[in-house]
Ligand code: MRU
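Below you will find one chain, with nothing else, as structure tokens; this is the form predicted alone, and questions on how it binds or moves follow later.
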């Protein structure tokens, strides 16, 4: 995607350094940060310098390539397994992370004791994960675009655009494609507390693409649906269970329930790497709970130009911070994948998952 006319991906590998867009600084400042080792890369995932299912999947894959490039010959495979564990502990919900790590790990192990070839295989496998993610998301745009009518008013939650993947995104990809095709869409952007990925990131992406939109408070989405101002909802997903249940950013379930109550079709967009065929239902998806400080404090730019945080709760006020929730399959009109739109049921999921 273009930033000020320059093409960027969310994550890439230069030599043995992982390069990332510094997402916490957006939309106020655009910059690239370097992760020199897989330990730094793991920390970038856990602290959400990079976030979003596909983006952390590719980042995890590149982290494994880093470990392969930088590990000594002596104890090479033991070091690689340890690196996989370090990267895998960063965030528990997004399936793409584990897909990226396992893909590169298998490529390394397939080379046996040939360490030189294992290093080359790791880099090639990681790059393939990233390229596949970008290609899948572009295909999601092609398959999802026909669902969007001219003048469609859409609602989305969190950020499932190109910042959440290597390029294009999932939920925003059909919207970008429809906009570029002249369908004159409009997007209601949930702010997505507590980290405000919608207000900060989705709005920034839509602004870069010149897509008309408005940021709204999370609890305003129901108002716009009830008053007939939303024609369709598209969200992303961090993990899809075998029965069609999905986990996505906290607040997605609420949006789905309100959409169902008001007859608004609710679609999920995700590459098939997000499917966890070993996860029977949404109840089996691990839900990450992050620091309560993300609830207690808000980050932003002050009027005097300082990037700072302010407390929004009483000093001794308790807080809970689940990062994701589960939306049951029966609330989902369809799942938009790179292979086409499928129903959110076991048959639909099985028809597209990767072996």
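Residue numbers count along the first chain shown, from 1. Keep in mind the model is a prediction, meaning the values are calculated, not measured.
If you look for the form predicted together with the ligand, you will not find it shown, but the lines that follow are about it.
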With a 4.5 Å heavy atom cut-off, would you call residue 174 a contact of the ligand in the model of the complex? no
Should residue 91 be classed as touching the ligand in the model of the complex when contacts are defined as heavy atoms within 4.5 Å? yes
Is residue 126 close to the ligand in the model of the complex, meaning a heavy atom pair under 4.5 Å apart or at it? no
How about residue 57 - does it come within 4.5 Å of the ligand in the model of the complex, if we only consider non-hydrogen atoms? no
Note: exactly one of 26, 48, 69, 326 sits with a heavy atom within 4.5 Å of the ligand in the model of the complex, namely 48
Which one, 104, 164, 233, 140, lies within 4.5 Å of the ligand in the model of the complex by heavy atoms? 164
Residues in which of 176-184, 77-85, 248-256, 205-213 have heavy atoms within 4.5 Å of the ligand in the model of the complex? 248-256
Any residue of 141-160 that, in the model of the complex, places a heavy atom within 4.5 Å of the ligand: 157, 158, 159, 160
